[in-house]
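Given as structure tokens, the chain that follows is alone and in the form predicted on its own.
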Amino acid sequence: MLAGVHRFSLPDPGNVSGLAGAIKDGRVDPNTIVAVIGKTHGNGLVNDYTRGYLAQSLAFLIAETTGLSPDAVRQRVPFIFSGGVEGVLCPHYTVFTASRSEKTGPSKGLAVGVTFTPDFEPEDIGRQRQIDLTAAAVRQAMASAKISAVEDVHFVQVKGPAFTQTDIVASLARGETVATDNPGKLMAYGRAASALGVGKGLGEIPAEKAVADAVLRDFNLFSNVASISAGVEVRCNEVVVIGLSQAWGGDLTISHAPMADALDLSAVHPMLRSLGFSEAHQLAAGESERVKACFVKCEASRSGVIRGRPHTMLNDGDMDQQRHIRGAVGAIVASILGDTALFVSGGAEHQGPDGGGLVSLIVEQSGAV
């Protein structure tokens, strides 16, 4: 198998001309598209409909070029979008392809596996059902990608459902209970439960600890490779597992590093060195071209302190803390990579250490360019 990674700028959530052009000139075969992950112009909260607009636009394009219906495309391809491109960040989307190819060479190649959980209702969010179904989906995606060892998993992106106040009220009217009746907080419960599910599926979190009582409570439990988003445009958890496998070839590789806090450059530079980049504080333009995708997860520390000094992100009534931290950490990582088309997502509950997060890089191997 051979994975392809194609990154396109996003002028607006309905403009998918980048992919359309790549399909037209033969750079991307739409029949091989297995997942799309990207950043849109919205706020990343419950009322961010830019994510669904982009998913719809891409589904129509892929349907038109493959002969499938848009619904069939949505059932096959996870469209995972995170709203919020604060500061220097660039709206963009990354298209993953998987095609059959003869494996050459002894090294492991970039591998991509996708799967979907059953649909969820508001009463499932933050509960054991979401944890357990996510764990099973992660293992299934790993198997489909022929990734044999959990150590070879370097990034797990999950998109789960968000629910409006109307949805929550309807659940309560059916006699169900929900983790919270606040739509924004319910998103956090969903991200947290899904992260525990990833950790359980990969063995990072013991099964007996990956339980609903730990959700948003025990922050000593986390996954070092999980990145979870939520949105009203989906009803299930869409799962993309990216790692390395002997069954896949090509010149692409992936690595990841946990960030201890929002300023943790010591996590990024050693990873770049291990991938064959120079010792420079910022990648030169030629080196930046090797970077095919960058995924960052970050969170405002719940202590209200970063390295002994207080921050105000959790006290701001005008702007959600996620928007603050995305802009800040996005600028830090972009300054190292010399690239602003980065997937930087807030809401890192149980995704890396509290107040920190993760950075995952897909690059062309050294000497491939």
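Start at 1 and count along the sequence shown; that's the residue number. Every value quoted in this text rests on a predicted model; they were computed, and no experiment measured them.
The next section is about a form of this same protein that is not shown, the form predicted together with another copy of the chain.
- Among heavy atoms of P91, some come within 4.5 Å of another copy of the chain in the model of the complex.
- At a distance threshold of 4.5 angstroms between non-hydrogen atoms, V85 is in contact with another copy of the chain in the model of the complex.
- In the model of the complex, another copy of the chain stays beyond 4.5 Å of every heavy atom belonging to P258.
- Using a 4.5 angstroms threshold between heavy atoms, D29 stays clear of another copy of the chain in the model of the complex.
- For the marked spot (R76, K108 and T115), a heavy atom within 4.5 Å of another copy of the chain in the model of the complex is absent from each of the three residues.
- In short, of 272-280, 197-205, 221-229, 125-133 it is 272-280 that has heavy atoms within 4.5 Å of another copy of the chain in the model of the complex.
- Counting a residue when any of its non-hydrogen atoms is within 4.5 Å of another copy of the chain in the model of the complex, the hits in 291-318 run R302, S303, G304, I306, R307, R309, P310, H311, T312, M313, L314, N315, D316, G317, D318.
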